[in-house]
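Below: one protein chain in two forms, given as structure tokens, structure 1 then structure 2.
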Structure 1
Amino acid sequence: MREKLLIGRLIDTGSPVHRLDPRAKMTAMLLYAVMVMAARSWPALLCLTAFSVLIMILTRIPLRMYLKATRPLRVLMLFILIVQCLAVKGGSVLVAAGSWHLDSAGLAAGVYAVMRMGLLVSFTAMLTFTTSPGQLNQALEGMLRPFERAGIPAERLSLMTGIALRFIPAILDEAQTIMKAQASRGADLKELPWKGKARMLTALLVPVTVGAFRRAEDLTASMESRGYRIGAPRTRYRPLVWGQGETWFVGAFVLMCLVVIWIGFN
């Protein structure tokens, strides 16, 4: 189960994108989300797709890995495609079955929505593929630090995010262990009908939740025994350094964002 989870996994290829400051990559991710929302026409979306593929190639990670990252959402993407095909009418009729008919406008709207969602998910995977959870945690804290005067606890939020990222694979491993234990007692998930699978997955919630609370309690005791305190002065093993490469990287996203907005509204 853990091997199937791609988002959140570091794939170190030593590319220039891997060596960038994580704050630059998080800033670029925010700009990319703006671009996805601003891409309101096919030319803007195609331009954004070409730019995305270029950045993915620079990471030296095979493009099939980005496609695999969208697999957990394939059911949701299919649902969005069907809803758009049923709701949007116009253009020429492609398929007709009684009173129902599939129009070209509905199909185009469905493909357009699925492409936007796929680009956003795959580019989010790029952020996690090229940045370790510790670097993401450090970058988040650094970006939220100026907002502490407004009452936003930067260190607490970054600590919560870092622990959550590290707990996901641990919880998946525990769920897989429980499923193997149930399978050894004759309750194999693959051999059960759909109702039995739903009942078995519901039964997994209690032991997995109890195990998560137990891990959280152990982690709290471990941190306290080592003298960790929120707000205590501390140094960084690897301090973040913003250089010329980070400026050019973010500048490329700013320029692309302006281009997509201009194409989308013209």
Structure 2
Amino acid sequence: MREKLLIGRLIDTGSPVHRLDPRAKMTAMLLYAVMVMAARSWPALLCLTAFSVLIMILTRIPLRMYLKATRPLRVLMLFILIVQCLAVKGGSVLVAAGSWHLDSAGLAAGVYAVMRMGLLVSFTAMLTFTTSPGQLNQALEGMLRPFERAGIPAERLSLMTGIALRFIPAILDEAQTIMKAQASRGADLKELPWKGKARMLTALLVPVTVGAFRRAEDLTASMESRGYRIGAPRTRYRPLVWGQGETWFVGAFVLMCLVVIWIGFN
């Protein structure tokens, strides 16, 4: 049962960031996304990077873990770099080969794009490294609660995401076993032509869906027999507590957001 992705794994160091209300961290994440969008110049990007590194240090998780978290996306990042370099023209010519030339503006645009992507991914990792999926889910529910009167079923949504988070790795594992079993019986995805691949993948749907239903049934029985009823009153094992720390944390992000936007206007 190996989880391939580093993103989505809690690394518990017991830092102050870990102890923050997950709603604060989620709000901060949203603000961070805004900052990444708004940072369109070198000074802004540098400011943002410094700020991110500071927060990452506060988590007491080694910085290389954040770098590793971006690894699954390295091919995509390289692709974006190349596309930007080729597409954006202007500024001085850096390298020329025949009719083709790499311009400074292209390179800059490429580096910007890659940096912003890297920052966003590694910062998302910060959220998942410091917050368990259960807490994230609780935060989601907490943040959606006010919209319940507008018809958003917060409890149901968070229950659904919680169960999805819980079962997706298991279902992927199961799919992998079925693929191995099929390969053992002479249908190796790797060796099949494209048409055969498509056929095999659709054949996979039946046992995987059946498996998912089986799990769902078991889980329902388990929940019901533990007295779960949707809408029934519940207490919280870890009640969400918004204290001063949370306000300061989100405050820092708001301030940083303003700084980045201000730099953008100058």
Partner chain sequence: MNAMENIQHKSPVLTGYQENIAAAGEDIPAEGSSKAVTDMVVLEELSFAYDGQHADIHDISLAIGKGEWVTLVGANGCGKSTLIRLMNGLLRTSYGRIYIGGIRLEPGTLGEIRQKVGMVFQNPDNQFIGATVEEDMAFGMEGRCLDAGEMRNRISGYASRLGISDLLHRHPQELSGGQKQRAAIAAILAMEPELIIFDEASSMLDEKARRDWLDLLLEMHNEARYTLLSITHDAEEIAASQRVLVMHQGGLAADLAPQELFRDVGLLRLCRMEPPFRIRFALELEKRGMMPAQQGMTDGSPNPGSEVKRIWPFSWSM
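Treat the numbers as computed from the prediction; the structure is a model and nothing was measured. Each form is matched to the other, and the largest set of C-alpha atoms that superpose within 1.5 Å is called the rigid core. The first residue in the sequence of structure 1 is number 1, and each one after it adds one.
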* Of these two, which one is the form predicted alone? -> 1
* Asked: Based on C-alpha superpositions, what is the rotation angle in degrees of the smaller rigid part between structures 1 and 2?
  -> 16
* To do: Superpose on the rigid core and then read off how far the CA of residue 172 has moved between structures 1 and 2, in Å.
  => 4.6
